[in-house]
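A lone chain, given as structure tokens: the form predicted on its own.
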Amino acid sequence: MNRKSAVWLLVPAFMGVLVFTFFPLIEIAIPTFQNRNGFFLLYAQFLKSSYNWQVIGRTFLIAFVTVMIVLILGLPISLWIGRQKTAVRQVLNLLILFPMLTNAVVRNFAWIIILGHDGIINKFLLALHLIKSPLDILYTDAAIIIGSVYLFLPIMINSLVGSVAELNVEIEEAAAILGSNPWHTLFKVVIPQLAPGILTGCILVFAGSMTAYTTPQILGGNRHLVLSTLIYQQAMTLGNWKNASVIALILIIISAFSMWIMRRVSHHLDRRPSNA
């Protein structure tokens, strides 16, 4: 098959992406710029509100903290799973991904039972006399982060396991022979080799956390809005579809810019020799 024929085979997929991805975005964006008083008036009005900036900051903070916690938890688990025998690794991967077969709504309602005033955590702490009254965990930013970590941890582990399995163990052995301690080997030898897998996992988790609706809605409530729940409020409760479109586009821009920064950081950390 020559190169020209291969390019023509990509045309249906390209048209599918164009029609089902970019065309709806264009349809959403056009009404937000159709204003007699100014091209960017709706965006300026949205960004003038301090409350909206609080929502943007909360959304970004929750996504960032979720990525950091998931990475810290997922890296050692991935290193352990990735160095098991193939059969054992496949079984462990299946167990890690098994919770994802359950609907996210069901899993978040389970966290209501765990985090509520009469939940397992508060009952346990009260039984140990560590607290005098139940903690307000549910319907807080912390509850959203806990639910998001539980939701996206399997994705991070799955992204890293493949990279761990391809690690060159001889490099680690050489570092140990030359006197490198385990922590120095981890940060100077292992993590740079895992940079592509870490990048993939961070992008998937960050994008998912930024745009997640079910977890913030169920565990955060109406007092702790993020951009996704604010979009729903503007569109479905207030019927203001233009403002909802503005928020959606701002969310896309923030997510894309943040992922670009993560890609730049990952490129800096990747010490593997290039093919150039």
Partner chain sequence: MLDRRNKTLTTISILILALIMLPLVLVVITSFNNESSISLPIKGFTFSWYANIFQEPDFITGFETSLVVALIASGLALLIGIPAVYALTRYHLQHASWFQSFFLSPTLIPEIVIGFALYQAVVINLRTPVFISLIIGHFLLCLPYVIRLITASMLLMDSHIEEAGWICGCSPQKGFFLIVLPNIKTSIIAAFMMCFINSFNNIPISLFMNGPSITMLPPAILNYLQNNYDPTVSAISVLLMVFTALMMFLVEKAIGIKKITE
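Please read all numbers here as calculations on a predicted model, not as lab measurements. Think of the rigid core as the biggest set of C-alphas that the two forms share within 1.5 Å after superposition. Positions refer to the first chain, counted from 1.
As for the form predicted together with the partner chain, it is not shown, yet the points below apply to it.
Taking the partner from elsewhere, P76 is found to have a heavy atom lying within 4.5 Å of the partner chain in the predicted complex.
Using a 4.5 Å cutoff between non-hydrogen atoms, V265 does not count as a contact of the partner chain in the predicted complex. In the predicted complex, the partner chain stays beyond 4.5 Å of every heavy atom belonging to I131. Looking at S228, you'd find a heavy atom of it within 4.5 angstroms of the partner chain in the predicted complex. Proximity to the partner chain in the predicted complex, taken as a non-hydrogen atom within 4.5 angstroms, holds for one residue of I137, A195, I96, V189, which is I96. Of the listed positions (L41, I30, M236, L61), a single one reaches within 4.5 angstroms of the partner chain by any non-hydrogen atom in the predicted complex, namely M236. Residues E172, E173, P182, L186 of 172-200 are found to place at least one heavy atom within 4.5 Å of the partner chain in the predicted complex. After superposing the rigid core, the C-alpha of T59 moves by less than 2 Å between this form and the one not shown. Comparing the forms between this form and the one not shown on their rigid core, the Cα displacement of T32 reaches 2 Å or more. Core-superposed comparison between this form and the one not shown: the Cα of M68 travels less than 2 Å.
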